[in-house]
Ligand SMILES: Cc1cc2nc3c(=O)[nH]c(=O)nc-3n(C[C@H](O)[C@H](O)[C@H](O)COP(=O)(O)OP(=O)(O)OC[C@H]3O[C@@H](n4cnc5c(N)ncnc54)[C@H](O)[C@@H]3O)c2cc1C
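One chain comes next, on its own, written out as structure tokens in the form predicted alone.
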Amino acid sequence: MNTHHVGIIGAGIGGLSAALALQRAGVRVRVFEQSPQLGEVGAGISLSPTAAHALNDLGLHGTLESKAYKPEDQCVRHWRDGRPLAWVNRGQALFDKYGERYYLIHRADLHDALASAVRANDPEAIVLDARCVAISQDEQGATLKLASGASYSFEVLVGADGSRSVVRHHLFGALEPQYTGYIAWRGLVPLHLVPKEILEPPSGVFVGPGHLVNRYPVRNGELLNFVAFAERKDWTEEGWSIRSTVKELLDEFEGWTSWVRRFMELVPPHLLFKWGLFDREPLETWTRGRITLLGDAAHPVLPFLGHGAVLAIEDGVVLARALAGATRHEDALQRYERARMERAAFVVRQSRAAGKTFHDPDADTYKERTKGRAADEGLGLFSYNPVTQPV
């Protein structure tokens, strides 16, 4: 039986953020990842000022500076003719108010930076090909059992294993997310192929009846990342890396402006995927004894505000602060939950509402419907700071 202080199940962005934060707080960790190789699928993600504060605290400001695209202005445009409906500043205005800005980064670049930092602190910290099949706990600690038959015991166990979390299932029973009626495509296009005149500015959103398209550069301007949302009644396929065809995507966005259709036409088929969006009501608690949850395992969130990775990163930093500042593990996990529960539930609810706003049948009224929300979405999304939040 191997004993360490904190075990983390899942080596995604949330799990690795928690691991790095714990290491920097002087806590030993082991991260168990079911995949045989460490890697992150997907494409671009947005990082709000709250996530930037957390990553700066983790020593990753250099990654944001060297790998992320830093948008200044974002334009919301009409689906049919591309005319501007609203402008939102994602740069200096946010920095002046919140001390940080928006960053747009390839998911794999952030994941690689987190994993490298964790391994630099402890080369053995990440255990691969380690699928958790059972968890248990008693007064002495919490234990996980792997498919290989190996068992590991910890003082605290953290489930960071995604929206279909094994840990959550063991703690709270079957709580499967429900299909929302939205599907999405994600694609990456070599940026040099995209006409410059349809990239004004490079970070842009297009809204239309029952549809939404978001696009922005990643990889130091080498690639244009886009996510396209549509409403569909039924969805039965599992996973979020399902192959699609360019024709299927273009058929869904028939009649849309060439500002959108042109980069869709240019996406290499092997870089185009689709998935269904799932949601679940927020849990009343994430913790049982010495075991807790973070990220999508605790609070799956729809992507319409781009805050899924943001919440997971925030969770990791706050969890580490709670554990570092308490003498009893049970007290630490309760402090973590109190510091995060309201924030996470708020973002989950606002993300649902944003989907309805973006997909409204009347795109022409977008500016009136969102009046007064430009600075910080009018929601208080950016006023939270995981580094200074009382714990």
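Remember, predicted model here, so these are calculated numbers, not experimental data. Numbers for residues come from their place in the sequence shown, where the first is 1.
The protein also exists as the form predicted together with the named molecule; that form is not presented, and the subsequent description refers to it.
**Student:** Just to be sure I understand the contacts: of R262, R119, R107, R288, which is the one whose heavy atoms reach within 4.5 angstroms of the named molecule in the model of the complex?
**Tutor:** Among R262, R119, R107, R288, a heavy atom within 4.5 Å of the named molecule in the model of the complex occurs only for R107.
**Student:** Quick one: from G91, G210, P282, G162, grab the residue that has a heavy atom within 4.5 Å of the named molecule in the model of the complex.
**Tutor:** Here the answer is residue option G162.
**Student:** Which single stretch, out of 245-253, 127-135, 150-158, 83-91, brings residue heavy atoms within 4.5 Å of the named molecule in the model of the complex?
**Tutor:** Result for this chain: 127-135.
**Student:** Could you tell me if Y216 has a non-hydrogen atom within 4.5 Å of the named molecule in the model of the complex?
**Tutor:** Judged by the heavy-atom cut-off of 4.5 Å, Y216 is in contact with the named molecule in the model of the complex.
**Student:** Is there a heavy atom of I13 lying 4.5 Å or less from a heavy atom of the named molecule in the model of the complex?
**Tutor:** Taking the distances in the model of the complex, the answer for I13 is yes, it comes within 4.5 Å of the named molecule.
**Student:** In the model of the complex, is there a heavy atom of the named molecule that lies within 4.5 Å of any heavy atom of F273, even though the partner is absent here?
**Tutor:** Taking the distances in the model of the complex, the answer for F273 is no, it never comes within 4.5 Å of the named molecule.
**Student:** With a 4.5 Å heavy atom cut-off, would you call V317 a contact of the named molecule in the model of the complex?
**Tutor:** No.
**Student:** Does anything in 303-328 come within 4.5 Å of the named molecule in the model of the complex by heavy atoms, and if so which residues, in order?
**Tutor:** P303, G306, H307, G308, A309, V310, A312, in sequence order.
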